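Quick setup: one chain, the form predicted alone, written in C-alpha cells, and binding and motion questions come after.
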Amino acid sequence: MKVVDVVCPFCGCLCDDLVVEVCDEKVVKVENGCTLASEKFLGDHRLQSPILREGFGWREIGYEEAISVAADILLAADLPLLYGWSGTHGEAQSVGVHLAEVLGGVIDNTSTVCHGPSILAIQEVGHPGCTLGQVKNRADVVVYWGANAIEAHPRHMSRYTTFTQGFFVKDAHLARTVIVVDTRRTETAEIADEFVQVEAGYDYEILSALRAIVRGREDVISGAVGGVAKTQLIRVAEICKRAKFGAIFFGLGLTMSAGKHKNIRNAIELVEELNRHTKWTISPMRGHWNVYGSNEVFTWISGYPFAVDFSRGIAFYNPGETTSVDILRRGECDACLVVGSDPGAHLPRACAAHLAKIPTIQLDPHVNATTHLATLQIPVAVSGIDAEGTAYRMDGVPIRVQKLVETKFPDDTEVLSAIYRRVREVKGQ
C-alpha cells in the first residue's frame, strides 16, 4: 500500500510530500524524502520492552510496572526535571506540562540549547517573520546566516528557497540571489552567489556594520570588520536593499556563538532597517521536527516557552536559573524524565554526569546515549510512523502527522497520561 502526502517527522521543515510504501505493517520504501527521512522511516532497531536497571545490568519489565516505577521515582523527588519534548507531538507535550505542574517540578525543552536565545530576542524586539510559503513565492534574495541548510535541513533549499519555483519567482535558480554568512566554507556556501566568511565570534559586529551601511553611515565603518572587507559589506547591503522580498534564515552558528540572544536582536533590527527600503523577514532554522510545537504548547498552558519552574506552586521563568543545563550543572534536580530527546549525547559533560547519578527515566523507541545513563527506559511509538499527533513547522504552521502502521507500542501521550493519572492518585487529586 502506498500512502501519499506523508509528513516527515525529522526536522523543522516537516516536508509533507513524501510517498511511503507500507507492507505487512512495516515501511519498506520512501519516495521524495531526503537521506535523513529515509533513515528515520526505514530504521527498525527498536527497543522491544521497558528495561529497568538492576546493578550493572538491565531487567525487562512490563508497561504497567514501568509506569508505576516512573511515577514513584517522580513522586519521591523534591525537584524533578522533565526535559526534551521536541521529538514528540503536541498532545504529549500538553500532558507533560500538566505533569510538571502537579509534581512541582521544572519542564524544559531543547530550545534551551538551540534557539532559546532566538526566543529571548523575539521577546525583546518582536519577530518580523512569515511562512515558508511566502518565502517560496516571493523571495528573490535569501540569506543563510550561521546555518548549513544542505546538511541540517536537506530539502529546505529545494522546497522553499534556491531551487524551487515561486508564484512571483519563476526562474528560481537564476532569479534568486543566495548569500551565506558563516565562519567556514560549508556545502551551502559552495552554491551561494555571495559568501561572507566571518571570524568566529564577530557576528554582532558584522550585523552592526550592515545596519550602519543600510542607514547610510558607511563612513563610520573601518576597512574590515570581523575579517570581512568593508567593500564586501557594502556590496551585501546593496543587494539586500535592492531586493523585492528578502528572507534571512539563521541557525545555531548565530544563537550559540558569542553574543547569544543579542546577536539575534541585532539581526532582527537589521531586518527592521531593511524594511525602510523594501520587504524583509527573518526566521530561525529550527532543528527538531516539533521543537517549535513545544514552545507553543508550553506558552499556551504556562505562559512561558521553555524553562518553566513550577516548584513555587506557580509558573516561574528565568533562563539561566530555570534552564535544564543550569539546573543539572548545579546538581539541583534529584530525578529526571526525558521525552523525545537525547541529552546524554548533546548536553555538557557535567550535566550528563549528574543525570547518571540521579534516577533518570527515558521515553524513547531506541537505545541511545541517554540509555546508558538512565534508570528506566520505556519504548514508545514513533510519531509520524506508528503514532499520530500535531506538530509545528519551523515557521509556526501546525501540521498533523499521521499513523502509517499499527504497532504494539503505546505512544508518548498514552504513557505520560498513565504516569499523570498515577501521580494524581497518590497525591489524592
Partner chain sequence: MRVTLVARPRAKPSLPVEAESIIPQNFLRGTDLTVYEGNKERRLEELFFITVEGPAVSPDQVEVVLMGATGRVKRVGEYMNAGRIVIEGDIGMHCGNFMSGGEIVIKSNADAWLGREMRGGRITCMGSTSHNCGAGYRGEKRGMRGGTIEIFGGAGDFAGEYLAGGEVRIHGSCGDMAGIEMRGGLLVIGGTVTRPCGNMTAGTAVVLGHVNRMLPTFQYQGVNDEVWDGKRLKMDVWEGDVANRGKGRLLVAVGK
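Please read all numbers here as calculations on a predicted model, not as lab measurements. Numbering follows the first chain given and starts at 1.
Omitted here: the form predicted in complex with its partner chain. The next part is about that form.
Non-hydrogen atom within 4.5 angstroms of its partner chain in the predicted complex for each of Ala209, Arg217 and Arg276:
Yes, the whole trio is in contact, each within 4.5 Å by some heavy atom.
By the heavy atom within 4.5 Å rule, which residue out of Glu194, Asp72, Asp342, Asp334 makes contact with its partner chain in the predicted complex?
In short, Asp334.
Can you work out which of Val271, Val225, Ile179, Met157 has a heavy atom no more than 4.5 Å from its partner chain in the predicted complex?
Exactly one residue meets the criterion: Val225.
Partner absent here, but in the predicted complex, which of 285-293, 171-179, 196-204, 86-94 has residues with a heavy atom within 4.5 Å of its partner chain?
Residues of 196-204 come within 4.5 Å of the partner.
With the partner left out here, check for me: in the predicted complex, does some heavy atom of Arg242 sit within 4.5 Å of its partner chain?
Heavy-atom contact with its partner chain at 4.5 Å: absent for Arg242.
Evaluate Gly251 for contact with its partner chain in the predicted complex, applying a 4.5 angstroms cut-off between non-hydrogen atoms, and reply yes or no.
Gly251: no contact with its partner chain in the predicted complex.
Residue contact check: Gln123 to its partner chain in the predicted complex, 4.5 Å heavy atom
Residue-level check for Gln123: yes, a contact with its partner chain.
Classify Ala229 as contacting or not contacting its partner chain in the predicted complex by the rule of any non-hydrogen atom within 4.5 angstroms, answering yes or no.
Although its partner chain is absent here, Ala229 would stay clear of it in the predicted complex, with no heavy atoms inside 4.5 Å.
If we check its partner chain in the predicted complex, which of the residues in 311-329 reach within 4.5 angstroms of it by a non-hydrogen atom?
The stretch touches the partner through Ser311, Arg312, Phe316, Tyr317, Asn318, Pro319, Gly320, Glu321.
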